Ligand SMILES: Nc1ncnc2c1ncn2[C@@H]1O[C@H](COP(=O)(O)OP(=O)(O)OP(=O)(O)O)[C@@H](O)[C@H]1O
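Only one chain is shown below, in structure tokens, and it's the form predicted alone.
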């Protein structure tokens, strides 16, 4: 049975067409992946379904009946539920309170909250999803991100007194989850599918899409270009449908040899989470950092960049020890730092592209040391935007109006604006579509060909195996191994991360 049907969906913003006759059909009891590059129209389509954006044209039907979704309340009443990667939870309240947030809690004698009743009701909802490891009375702040995600699904699943959930829209739900947390989420998704719910699943992780989805629909430039059964589908075909061109290679080849000169040397780096970390990276080299979540790879990059205060140990650039206590001094010394959380730490979303690119380099754009040269700032943004293949209307466009992949390209443009000798990258392609990923990987090859050194922390094992020259494996805040990538496979790297190799 067709649960949701969308036909001829159009939407434009200030003359820019975000949706161009988009179509989507979701059946009851299926996981339907919605694929496309950042900016392809996925987010706009989801916002239309959520009643946040009003379409210019198009027809939406639920179970064959035309519907109008003018407000989020309309979407809720139609049985639509939305699960986003940015979780909106109340951390100081319990799991049970979050599940029934916004609804009347059970009461004794019509006065006092029946806490036992509330916890039992929450336990029943969690049990209905096959979740038995989360205690209803536990504070949300004490849960992992993955368990918070399960609680959010439980809140949508247990909408007592409202229209029963029929269609779940999950937007990058595993972006910040560990492998075990993702496994639990997948089990819940399969349970919802078995009970007849429809699920629209949005993810840039092709492997999990191929594992979970029954069918997929690809958007490109706001239009639907294909709907396919996933069984027997080739991942390369999906990528080529998304980017609209043939993909000759999954990862760009190295362009130049690695130099002998050491660009960055770290000796006996220690913090509250790191213990005696030492390594070096040469000019033209990409040094990968691998490990389980919290193993120390991200913490090492942040410590070198001065993002979390001081540290013990020595950091040397081109053979000279340097003192770095904050990212500003890192930029000044030729170290470019790209944090994992681009929204919170990497960008000023309300500012322009030009303003974001120039932010750490304002001294270079001052006239007479006093007044910012706005023309030079814009010209710089245009030139660097061209180098990172940024898609934007112009240097004065607000960063918040860009897709996730293009926002990340703005961060890269800022990094290379200062002509750094070393780039410290923490999950630089997380939440970025395959086309933008390829552009970023190509840029890294170009930068290393110019003699720049790159330290790349990533949870994406293929990215490390195919892009890095060597990989430092972290476990428990220490360096557990350093391996060359020549002949290395993902299984061996994973075993090293788990300590089973």
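Numbering follows the first chain given and starts at 1. These numbers come from a predicted model, not from an experiment.
There is another form of the same protein, the form predicted in complex with the named molecule; it is not shown, and what comes next is about it.
Although the partner is absent from this view, residue 172 contacts the named molecule in the predicted complex, with a non-hydrogen atom inside 4.5 angstroms. Interface membership of residue 374, defined by any non-hydrogen atom within 4.5 Å of the named molecule in the predicted complex, is ruled out.
At least one heavy atom of residue 402 is located within 4.5 Å of the named molecule in the predicted complex. Although the partner is absent here, residue 44 sits close enough that one of its heavy atoms falls within 4.5 Å of the named molecule in the predicted complex. Of the listed positions (391, 135, 333, 228), a single one reaches within 4.5 angstroms of the named molecule by any non-hydrogen atom in the predicted complex, namely 391. Out of the listed residues 421, 397, 119, 271, 397 is the one that sits within 4.5 Å of the named molecule in the predicted complex by at least one heavy atom. Looking at the named molecule in the predicted complex, residues 13, 18 and 40 each place a heavy atom within 4.5 Å of it. Looking at 281-289, 316-324, 189-197, 405-413, the stretch with residues near the named molecule in the predicted complex, meaning non-hydrogen atoms within 4.5 angstroms, turns out to be 405-413.
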